[in-house]
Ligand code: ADE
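First, one chain by itself in structure tokens, the form predicted on its own.
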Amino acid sequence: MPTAHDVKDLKLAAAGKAKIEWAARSMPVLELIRERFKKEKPLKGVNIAACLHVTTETAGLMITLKAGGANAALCASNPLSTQDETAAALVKEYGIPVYAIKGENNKTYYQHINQAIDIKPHITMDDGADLVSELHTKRTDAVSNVFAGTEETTTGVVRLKAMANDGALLFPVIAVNDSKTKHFFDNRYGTGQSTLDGVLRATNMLIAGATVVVAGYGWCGRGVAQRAKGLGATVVVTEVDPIKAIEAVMDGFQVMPMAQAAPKGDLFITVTGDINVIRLEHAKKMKDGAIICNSGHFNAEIDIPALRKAASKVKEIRPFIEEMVINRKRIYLLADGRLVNLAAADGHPAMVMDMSFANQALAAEFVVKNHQKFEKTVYAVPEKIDAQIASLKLKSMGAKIDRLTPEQKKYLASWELGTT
């Protein structure tokens, strides 16, 4: 029986399989989990609906879930992040249902989410909480089957915690994003590198000597600022949190409000998870030729409707670059304001996604074994799982660490010992 799907073209499957196999070379932790899952089948009979970026790294996760016995279906968590060849390969080569087409419109995007929900999931995997939101609004018919969910990104965790605080969350969710082996590495090193990669692929601009304005100094913002600085840029950070702002100052960056940064920047990158961080009032102050883009989950960080409405002229210059003439100045928007690292490039490197998706796989196993103990709220990934993933990653990199001696353990557990 053919695998259910809605992808661009199954003829792309061979190219997709080659890319999946290339990424797998850099994902040894997930491979170790997959080998164990094949033997133990901890997810046997479990339906998993995953709303994630359809990339080669995500493919590794889906293959691992299937190896564990799961009946898993995948849809896109962003209309522009799908790699069509990967989607085709998952369907044709691995027998995993996929509903995702790069550039799909909003109607198709939600249609695909609903097709994933149609498997009546026991576990949801989200990147931004759109699937969970759909379950809580238009697809409440499928909620009773759900044990729990997992959430991949900061934006989604924020939404889910707000739902939990309001008593609106109908099932428990594991905040995979908040595990140390996810946000310390994926958000900082993954987003930092892949965001600049997306900008460079879209524009071929020279970062050295440019002024790069980074909106937000969370883990993603830290990574973007560090990588831009490493490429020779002058980096300006905008923030609303005084703790993060002083940290940015002490890390060597200029910190100022967006209104003050607007005339200075050559490239603006938003990574806040909030709405309308760059507004028309800022765009009017920008220099001719300023480039703006977003690497936060949703394309709401830039007030694109207001910018387009104010523009006297709007046209596509090259793929992923839209020119808007505002106050006789050319402002360039990249990738329709969506995640520039995934829309204009390949997203995070496989090596860092290895830890993120190891968290997802082990969180699914944890949910199956423990969901009856959960309440309808947001949970952290157990520290034991976090430490296990870190240990496996270190081993794969050939790095070793010390172990405490009995004397050291005793010292750390005592209060009597002090200065001698």
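All residue numbers are counted from 1 along the displayed sequence. The shown structure was predicted, so the numbers you read here are calculated from the model rather than taken from an experiment.
Not on display, but discussed next: the form predicted together with the named molecule.
Within 4.5 Å of the named molecule in the model of the complex, a heavy atom is found for none of V176, S179 and Y379. Among the residues H282, H348, H112, R222, the one placing a heavy atom within 4.5 Å of the named molecule in the model of the complex is H348. When you look in the model of the complex, the only residue of A116, A89, L342, A335 with a non-hydrogen atom within 4.5 Å of the named molecule is L342. F357 belongs to the set of residues with a heavy atom inside 4.5 Å of the named molecule in the model of the complex. The named molecule is not drawn, but in the model of the complex it has a heavy atom within 4.5 Å of M353.
Although the partner is absent here, T55 lies within 4.5 Å of the named molecule in the model of the complex, judged by heavy atoms. Only one segment in the set 380-388, 34-42, 57-65, 365-373 has residues whose heavy atoms sit within 4.5 Å of the named molecule in the model of the complex; it is 57-65.
If you take 77-95 and check each residue for a heavy atom within 4.5 Å of the named molecule in the model of the complex, you get nothing at all.
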